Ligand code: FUL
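Here we start with a single chain on its own, the form predicted on its own, put down as structure tokens.
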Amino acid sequence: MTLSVFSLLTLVPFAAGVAEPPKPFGVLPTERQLQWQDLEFCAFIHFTVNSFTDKEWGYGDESPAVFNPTDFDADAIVRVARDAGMKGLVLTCKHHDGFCLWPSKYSEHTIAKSPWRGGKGDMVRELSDACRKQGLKFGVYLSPWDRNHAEYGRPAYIEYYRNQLKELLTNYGPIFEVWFDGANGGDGYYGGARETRNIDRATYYGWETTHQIVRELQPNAVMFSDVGPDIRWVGNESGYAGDPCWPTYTPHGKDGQPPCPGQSMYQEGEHGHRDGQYWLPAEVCVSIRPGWFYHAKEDEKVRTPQNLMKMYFESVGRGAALLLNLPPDQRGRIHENDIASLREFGDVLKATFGTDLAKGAKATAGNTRGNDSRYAASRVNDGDRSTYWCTDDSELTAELTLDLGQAATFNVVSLREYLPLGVRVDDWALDQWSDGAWKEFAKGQAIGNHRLWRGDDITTNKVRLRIVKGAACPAISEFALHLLPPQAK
């Protein structure tokens, strides 16, 4: 198994006479979760017959003949995502309408029955290949609800659904994320029945068996739903995580029912639970437009670069991941208005986080674990996320100071914990050296994978991080300072 940067340090044996590593605290992430959390920012691609019928949810009776993008370019779509700073892409291979973007051998309601590429095309193939070529991870969305299939709501459909899942997990290379939607059951075409079919969401899908298929075929893939099992829905589609947003979480069912996709107290996902039973970090899924699919009437309603930056700080900056939807238009391209906004946003991201003003600063701490240099304060600004500053077990509150050597101006602070040891920090604060004394300028709860603070410009030569309350001795892997350019404010 390929290990993330987080795990490497824990594999290095410590020499005799030096401090032992701290013991992990609470529930811990798996290796696949660590790899996923390292990505932080990915693209969602919603594309199906809805893109041509001007709908958000297709009824399931749409003819495959309506699907005919005139200028589809997978490389161009992936390039837009890559240039904006995204590290992965999740494609809606089948939405609720049941239309498949690959030539599934288990269905007639597929791209093979469309005029696109003369019925010989495979959009999943083209996008997965483009992702590999340009260095992005590739993921799949396969809607559990199918408003087209005649057997939906009956046992035969589950076999069909799992067969299609197996196709996606075996024919398109490594998959980093599998997305299970919580929208399940209701009215639909259902092979011409045109009726309402409701299912028992807790039992119908046999989720444990379906999850095992993913584990066997794509062991490094994380699975998304309201309740995991690897990552959770943040509980809204507005582009923010709660403050704080704990990566630990205990799913609760609605109205006394067992928790399952589409049947959970999903609002709790915004904050998570400090004492959660599982490591289930949040994913913030949101569209760059009001709708998930392309609609020409929304061309002037694309999110601005400033709004995208706000969402970034309120998702990635609170320890969650941001999955931003980019819906292709009827050409099969990302619209020019979307590209313009993304390009400016991506440029600001690079300008901001491309320079760490704390690099080279002298880092000192009130306590270092066993006075061992492996846990020294300098680990927070060495550019290596597999190293961390840590204190003795008895030191649950601690201070670390960055001496910049000369005055510098910043308006963003980036903090990270070393996740393989769990979430250890409850409360933190930041101080600046001003007029011969420390002055607090920020405080909050939770650091986790990534905590970003942004505010007014601060000019100082020293900055201090205080761990105000810890559940265990802190393990901080990053303390960085950045400057957002004026156009981003």
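Owing to the predicted nature of the structure, the values given are computational and were not obtained by experimental measurement. Sequential numbering from 1, following the sequence displayed.
Same protein, other form: the form predicted in complex with this ligand, not shown, and the subject of what follows.
With respect to this ligand in the predicted complex, the three residues Lys310, Arg318 and Asp456 uniformly fall beyond 4.5 angstroms at the level of their nearest heavy atom. This chain is displayed without this ligand, yet in the predicted complex the stretch 39 to 47 from 63 to 71, 39 to 47, 448 to 456, 432 to 440 comes within 4.5 Å of it by heavy atoms. Only one of the listed residues (Tyr157, Tyr141, Trp207, Trp279) places a non-hydrogen atom within 4.5 angstroms of this ligand in the predicted complex, and that residue is Tyr141. Contact with this ligand in the predicted complex, judged by any heavy atom within 4.5 Å, is made by just one of Glu126, Glu314, Glu167, Asp181: Asp181. Proximity of Glu237 to this ligand in the predicted complex: non-hydrogen atoms within 4.5 Å are present. Trp57 belongs to the set of residues with a heavy atom inside 4.5 Å of this ligand in the predicted complex. Looking at Arg379, you'd find every heavy atom of it more than 4.5 angstroms from this ligand in the predicted complex. Looking at Arg333, you'd find every heavy atom of it more than 4.5 angstroms from this ligand in the predicted complex. Annotation for 80 to 117: interface residues with this ligand in the predicted complex are His95, His96 [heavy atom within 4.5 Å].
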